[in-house]
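Below you'll find only one chain, the form predicted alone, shown as C-alpha cells.
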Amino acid sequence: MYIYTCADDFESMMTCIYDVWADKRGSQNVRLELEPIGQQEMFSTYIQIQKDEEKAGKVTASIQKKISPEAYRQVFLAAMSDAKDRLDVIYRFLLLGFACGREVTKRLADGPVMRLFELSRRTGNDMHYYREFTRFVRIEPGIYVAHIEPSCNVAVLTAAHFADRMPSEYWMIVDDKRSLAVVHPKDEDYYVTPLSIKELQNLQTIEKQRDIYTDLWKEFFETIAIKERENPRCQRTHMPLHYRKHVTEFM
C-alpha cells in the first residue's frame, strides 16, 4: 500500500491528488492521509507531498470544467470538515466524478459520493451556526474582534458573511482552535493570517473585556426570558453547548 500524505490545507490536498494521479499506482493500491501521521503501518510506503500551487490550480480547474462548479463546492466544503478521512474521500469522489461528469452529484447511492456529501453538510451546518453565534467585542480604536472554536475549518466561510454586512468596519475573526485569524481592513478584502502563541494569547485577553454594551446585552437577554417557559433541552437543540463558549450572553 502506498500512503500519500500532505499538510492540512486545501492547496496541499489538491496537490496530493494531482501527484497520486500522476504516479498511476492504481486507486486500490493507494490511500491519502493528512499530516500529522501517527503510528505508521508496516509494509506500507509513505510518500510525503509538498504544496504546489500550479498543480493545485490544475486540479481545481479540472473539477469545475470536467465535472461541475457544484462538485467543486462540495469538494471544498468537505475539505474544510474535521473528518480524518476527508482527503481520501475527496480522491475517491473525484475518481467517480471524472468518469461520469456532472451526474456524479446525483449518484448518492455510491459510497464516496454519499460520504463526501455527509462531510460537506457537516461543514455547512457549522458555517450556518457560526453565522448566527459569532459575537464581536469592540476595542479601541474601533476594531471588532470575535473568537470561535469550530469543529470544521469555517472561519473564512463565516467571514464572507460578515464582509457583506460590515464592509466599512475593521474586524477580525480568530479561530482559537487552529491559531489563525481572518482580518478585514475597512473597505478592503479580508485575508487569513496564522497567529503565534503570544499573539493568540493577547487576543484572548480581549474577550474578557467588558463595557456598557456588553452588560446591556446580557441584561436584555436575561430580561426577555420567561422563567415559566424555560426549556433547556429545546435551547440546546437550537444552540448546542459546543457553540456557547464564546457567546457573550452565556459568558
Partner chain sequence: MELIKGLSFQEKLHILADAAKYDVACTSSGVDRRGKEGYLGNSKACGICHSFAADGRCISLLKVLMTNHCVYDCKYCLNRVSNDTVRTAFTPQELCELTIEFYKRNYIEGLFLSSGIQKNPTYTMEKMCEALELLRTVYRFNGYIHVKAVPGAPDELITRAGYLADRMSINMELPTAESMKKLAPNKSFSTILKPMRKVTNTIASHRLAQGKSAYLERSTSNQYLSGSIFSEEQRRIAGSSRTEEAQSNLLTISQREHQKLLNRPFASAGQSTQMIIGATPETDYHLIKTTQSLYQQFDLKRVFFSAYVPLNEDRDLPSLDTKPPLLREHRLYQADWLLRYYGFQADELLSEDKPNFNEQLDPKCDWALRHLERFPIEVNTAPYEDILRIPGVGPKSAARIIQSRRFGSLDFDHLKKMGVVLKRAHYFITCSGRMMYHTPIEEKYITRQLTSVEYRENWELQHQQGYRQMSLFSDFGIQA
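Residue numbers count along the first chain shown, from 1. Take the two forms, find the largest set of C-alpha atoms that superpose within 1.5 Å, and that set is the rigid core. Note that the coordinates shown come from a computational prediction; the quantities given were computed from them, not determined experimentally.
The discussion below concerns the form predicted together with its partner chain, not included here.
Enquirer: Given that its partner chain is not shown alongside this chain, does R233 nevertheless sit within 4.5 Å of it in the predicted complex, heavy atom to heavy atom?
Expert: Yes.
Enquirer: Please check if F117 has a heavy atom lying within 4.5 Å of any heavy atom of its partner chain in the predicted complex.
Expert: Contact with its partner chain, yes.
Enquirer: Closest heavy atom of I224 to its partner chain in the predicted complex, within 4.5 Å or not?
Expert: Yes - in the predicted complex, heavy atoms of I224 and its partner chain come within 4.5 Å of each other.
Enquirer: Please check if T5 has a heavy atom lying within 4.5 Å of any heavy atom of its partner chain in the predicted complex.
Expert: Looking in the predicted complex, residue contacts with its partner chain do not include T5, since no heavy atom lies within 4.5 Å.
Enquirer: Please determine, with the chain shown alone, which of 161 to 169, 147 to 155, 87 to 95, 174 to 182 has non-hydrogen atoms within 4.5 Å of its partner chain in the predicted complex.
Expert: Residues of 161 to 169 come within 4.5 Å of the partner.
Enquirer: Let me know the one among E35, E53, E41, D187 whose heavy atoms come within 4.5 Å of its partner chain in the predicted complex, would you?
Expert: Only one option qualifies, and that one is D187.
Enquirer: Any residue of 213 to 251 with a heavy atom within 4.5 Å of its partner chain in the predicted complex counts; write them all down in order.
Expert: Residues within 4.5 Å: Y213, T214, D215, L216, W217, E219, F220, F221, T223, I224, A225, I226, K227, E228, R229, E230, N231, P232, R233, C234, Q235, H238, M239, T248, E249, F250.
Enquirer: Hey, does I226 budge by 2 Å or more at the Cα between this form and the one not shown once the core is superposed?
Expert: Yes, the C-alpha position differs by at least 2 Å between this form and the one not shown.
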